[in-house]
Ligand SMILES: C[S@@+](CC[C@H](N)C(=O)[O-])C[C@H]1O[C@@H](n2cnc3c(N)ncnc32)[C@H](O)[C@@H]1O
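Presented below, as structure tokens, is a lone chain in the form predicted alone.
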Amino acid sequence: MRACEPGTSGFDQWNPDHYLEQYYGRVEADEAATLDFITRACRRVAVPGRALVFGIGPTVHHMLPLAPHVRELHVADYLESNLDHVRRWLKRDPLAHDWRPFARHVLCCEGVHAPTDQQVGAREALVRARVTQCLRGDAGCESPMASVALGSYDMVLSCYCAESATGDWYEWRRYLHNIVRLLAPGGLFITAALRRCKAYCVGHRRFACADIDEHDLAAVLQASGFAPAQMHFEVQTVGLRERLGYDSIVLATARASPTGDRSGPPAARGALPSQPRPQVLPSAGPARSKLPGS
């Protein structure tokens, strides 16, 4: 791992090749836990619908557990350089990053013992068949997608996106609020976030992180209109502080009301209520925890 320079960088200095090399050369503990969580969350999808992976980065692995449970996949990211890597993999470019170890891990999470190369290839082919749109998205906009004509989604997945895009807690709050507004009535939101992380390294550069935890996430989701009884949280210790900059991650799902009438201040009003940052409380456990009401 390269030594990080002091200070933080802007995304004009983002290098997707360094990111893939550093974080996705193997299935790290954080992604093993994330893929298992997404796999379990997808079992709650009763009817295949249309899904969005927002803030996909230069990666495709989070689509691997989604593909069997949706009829159509859209992906979005702020950086065209990230989307170029996704398109390269979708077109089977021989220079694209190798995601087969991640597909193998997902199949194991689904209960497949010792997945074969044929099964791995079939899952990758299914993802490629499901993806119909590869688009630019900006969580800083009230309508984050490039085309509002796309409408809302039955499932929105956004992992390591909003909190990893800013070191400002209030800005993170606005980003997440805008992302969940893309969810259709009755839809399922799935997210993963770096927990209590102030910065992470990509190559020799440091990028700011919002230093959030499960209580921050619960507060923003509730302020965005999700009922506490429809939210589920887990905390996983991953032990990557020394190499990657964080020790744990937060995993969460939130189900929107079938009527679209969310309890609490609804996201449909387009603005979050003004409120201070919630007090950080001790986690319920080092490996896995649930907030009250989850």
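The numbering used is simple: start at 1 and walk along the sequence shown. From a predicted model like this one, the values you see are computed outputs, not experimental measurements.
Separately, the form predicted in complex with the named molecule exists; it is not shown, and the next lines address it.
Residue 172 falls outside the set of residues with a heavy atom inside 4.5 Å of the named molecule in the model of the complex.
When contacts are judged by a 4.5 Å heavy atom cut-off, residue 251 does not count as touching the named molecule in the model of the complex. In the model of the complex, the named molecule sits within 4.5 Å of a heavy atom of residue 164. For residue 225, no non-hydrogen atom is located within 4.5 Å of the named molecule in the model of the complex, even though that partner is not displayed. The three marked residues, 54, 57 and 139, each reach the named molecule in the model of the complex, with a heavy atom inside 4.5 Å. For the options 199, 219, 79, 135, the residue carrying a heavy atom within 4.5 angstroms of the named molecule in the model of the complex is 79. Contact with the named molecule in the model of the complex, judged as any non-hydrogen atom within 4.5 angstroms, is confined among 40-48, 229-237, 59-67, 242-250 to 59-67. Contacts between 97-124 and the named molecule, taken as any heavy atom within 4.5 Å in the model of the complex, involve no residue at all.
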